[in-house]
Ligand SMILES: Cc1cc2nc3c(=O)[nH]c(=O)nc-3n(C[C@H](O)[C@H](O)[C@H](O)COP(=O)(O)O)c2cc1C
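Here's a solo chain for you in structure tokens, the form predicted on its own.
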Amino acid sequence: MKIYMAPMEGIGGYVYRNAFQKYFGPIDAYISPFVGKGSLMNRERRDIDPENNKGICLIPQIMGGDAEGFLKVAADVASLGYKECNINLGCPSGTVTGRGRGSGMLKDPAALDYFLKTVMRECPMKVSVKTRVGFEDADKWEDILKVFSKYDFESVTIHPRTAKQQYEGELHMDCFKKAYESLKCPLIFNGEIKTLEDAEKLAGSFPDLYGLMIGRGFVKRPQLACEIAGRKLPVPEEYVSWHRELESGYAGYLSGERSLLFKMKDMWNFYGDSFKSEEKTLKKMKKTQSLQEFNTLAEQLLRKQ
């Protein structure tokens, strides 16, 4: 079964991908945070630049919306040498869905069909999809599946929640089962994979499942990739080296110590879950305005892995 890293805006950029692959990989592929709202911004181009993603399989994700804008961005992405892109039909952010993008496209299956028909006909790359099972509810899921079944996607990744649920609440496993039974393209599961047991349970329930896509589960416990693959876990000093490599990579493009500190804190907002018994140290890390103190405290925890 294939293992993918989910796109995570603000965390899952090329610095994080490269360090993850080195210390906890390899995994099969990484999906970039979405790019393009009509054109590639400089930071987006930097993130998917092949020079910044050597030795990994990266699939750039492009924001859905209007087909013309999508295809313009797709042409830019293809010019960098990419052979596959991923359509974002899953982002639940109100600023995205309010403009009919991301999971906002799931409101109207007929409009979604029109968009996909144009994209699949004219896109210069192979196309995969990452989706939710609906916007406010899952009532239109069967109609959405009928639309998906018309197209020859490389894969469909399903996070079985609605946009309204964001990242909380029960997974609609009945919706995923319908997709598993009806779609002929490779199917990938995304959502609440936190442990090896979670991965094994999914593999047992869906034996023909093509892959797992993991986002927050990897940020909170990057060693999960090693556990799923049956590889030896990193030793504590390797965690320290990983952390230092992240900081060094971010320092290469962030301006000033304060920006770098906030970037590392963003990652620790998730990763700190690995150290729930170290609440006192985690609180110090959140409060400190000193990058040096932050790193000293972080490395104390990392050496306790």
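Numbering starts at 1 and runs along the sequence shown. These figures come from a predicted structure and were not determined experimentally.
This protein has a second form, the form predicted in complex with the named molecule, left out of what is shown; the following refers to that one.
Shown here without its partner, the chain carries 16, 222 and 245, none of which come within 4.5 Å of the named molecule in the model of the complex through any heavy atom. Residue heavy atoms within 4.5 Å of the named molecule in the model of the complex occur in exactly one stretch of 26 to 34, 246 to 254, 42 to 50, 273 to 281, and that stretch is 26 to 34. Interface membership of residue 6, defined by any non-hydrogen atom within 4.5 Å of the named molecule in the model of the complex, is confirmed. Put simply, residue 192 is close to the named molecule in the model of the complex: some heavy atom of it is within 4.5 Å.
Proximity of residue 74 to the named molecule in the model of the complex falls outside the 4.5 Å heavy atom cutoff. Taking non-hydrogen atoms only, residue 155 never approaches the named molecule to within 4.5 angstroms in the model of the complex. Interface residue among 178, 101, 172, 216 relative to the named molecule in the model of the complex, by the heavy atom within 4.5 Å criterion: 216. Taking a 4.5 Å heavy atom cutoff to the named molecule in the model of the complex, the one contacting residue in 108 to 137 is 130.
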